[in-house]
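Coming up is one lone chain in structure tokens, specifically the form predicted alone.
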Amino acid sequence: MLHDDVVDNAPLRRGKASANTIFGNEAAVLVGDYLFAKSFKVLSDINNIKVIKSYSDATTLMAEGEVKELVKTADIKTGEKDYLDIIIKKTAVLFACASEVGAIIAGKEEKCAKKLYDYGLNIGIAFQLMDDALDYISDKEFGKFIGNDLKEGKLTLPLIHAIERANKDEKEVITDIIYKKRLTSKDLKTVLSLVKSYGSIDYTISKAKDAIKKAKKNLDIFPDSKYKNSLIDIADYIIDRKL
């Protein structure tokens, strides 16, 4: 997250000033490097090759996702399939890894670990979908500046959905706005109006809810318990959150 905020030049992280805003990019990157190295030191002390492999696979995919997102910046041809591939790699695999490792460390059988991996993957997808929806309906009070993704040239699902349904003139307007180096409040209002008119925010939220349903279904293999209930509560919170 420290590195991510530097790449995105993000002023906020969940409603508070980001580390790079307070301490500068140099300090944020160096501390991020330290935490990354420290995490693998902790993993090596566990002495479980399955745990190490899970985290190694996840961090590799996360880097791939971030690179693909960078390559796709301001690419008007980005489709929903590309978008989903990016968010699965840059966000969801981290949730999946964290969920799977719990089963591995507990010594559970492989099918349990796989179900928890899929649970984490789905809540991770939902988390990013909701994050991208909030970018079009939220404001600084809720931890993000509205339209921040658009300003960075990121084509997230609300915008992709609107572009795919827009007429020729509307697509030209959106394209011109995306290619601008500096957006005006009028530009933001224009895109927000189109996104809302095509029901793109509701579509994105509905996709997030579908992912949450899948996540909960992955828990059916486990007996009822307070731990299972906690996982269900986490899934529900992802849809209801404002940050």
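Throughout, we count residues from 1 along the sequence that is shown. What you see is a predicted model, and the numbers here were worked out from it, not measured in a lab.
This next part talks about the form predicted together with a further copy of the same chain, which is not shown.
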Please name which of the stretches 190-198, 203-211, 55-63, 176-184 has residues with heavy atoms lying within 4.5 Å of a further copy of the same chain in the predicted complex. 55-63
Judged by heavy atoms and a 4.5 Å cut-off, are Glu26, Leu30 and Lys41 together in contact with a further copy of the same chain in the predicted complex? yes
Stretch 34-50: residues contacting a further copy of the same chain in the predicted complex, 4.5 Å heavy atom cut-off: Tyr34, Phe36, Ala37, Lys38, Phe40, Lys41, Ser44, Asp45, Asn47, Asn48, Ile49
